[in-house]
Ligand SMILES: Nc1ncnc2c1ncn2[C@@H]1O[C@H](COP(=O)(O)OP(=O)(O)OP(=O)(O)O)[C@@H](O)[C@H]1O
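Given next, in structure tokens, is a single chain: the form predicted alone.
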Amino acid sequence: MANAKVYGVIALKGGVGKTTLVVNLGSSLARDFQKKVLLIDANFSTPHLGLHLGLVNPKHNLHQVLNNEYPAYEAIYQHPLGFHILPGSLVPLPGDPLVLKEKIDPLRQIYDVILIDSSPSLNDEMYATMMASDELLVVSSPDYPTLSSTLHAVTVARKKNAPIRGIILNKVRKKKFELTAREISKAANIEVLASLPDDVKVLAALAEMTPVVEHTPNHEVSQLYKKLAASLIDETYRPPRMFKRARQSLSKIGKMLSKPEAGEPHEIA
């Protein structure tokens, strides 16, 4: 029987943070919950997963696996943070993306969670992710153009009978002009699992090719990533006591201010 739960991460609009989500969920699942995790770059046309993690020019890659040049396990790399990566080729190679499921199904016996980073285009690459996944995570941002793309992706997934776990709202600025999680959930008839802020810490971590959950682990966005990771494996994330105390202190200060004055795989080099 298969052991791994396979999540496909999809979006029909580039720039919403799909790859960043995969990287941070994978890191948190491996480090905070001691899960065996594999990240797969199934964005065959423009693969960027390796670049997010310092794996710039892998010798073996998923494209070669699809072309039967190597078995999948020979193209897997171990990240220092504990999770594994099956990267794509930065120079696109020909291959049939629809054999993705066939190639990665044997890996279910090795891992607890497999996260697939999909193409942002409605083509065979995205269909391959849908076919290979147990559930989909749909990434969106809180604006009308992206919502339109999100609803389209949801419609396609339903037609393909691909189960959707939920929507991840990313790059949220908490402005009045933004769509709310409730509005997006109602429009798509799907639960919004998390609302992640548009945080400069994420960009700072990307510049260092490391997940923000490791770069600044106690920052708000990192805590939200960890909470989301926990929900995917039906666990509860408990923030560090130090983080809880800091939150309580800030809450007390806020209340005071509001009152009137009173006195085996390859290693990444």
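Start at 1 and count along the sequence shown; that's the residue number. This is a predicted model, so every value here is computed, not measured.
Form predicted together with the named molecule: not shown, discussed below.
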Handout entry: Position in contact with the named molecule when the complex is considered in the predicted complex, options Gly82, Pro197, Gly95, Pro71, heavy atoms within 4.5 Å
Key = Pro197
Problem - Heavy atom distance at most 4.5 Å to the named molecule in the predicted complex, all of Pro120, Asn170 and Val202 - result: yes
Practice task
Choose from 32 to 40, 231 to 239, 203 to 211, 56 to 64 the stretch whose residues reach within 4.5 Å of the named molecule in the predicted complex, heavy atoms counted.
Solution key: 203 to 211
Practice task
Report whether the minimum heavy atom distance between His52 and the named molecule in the predicted complex is within 4.5 Å.
Solution key: yes
Handout entry: Those residues of 60 to 75 which, in the predicted complex, come within 4.5 Å of the named molecule by heavy atom
Key = none
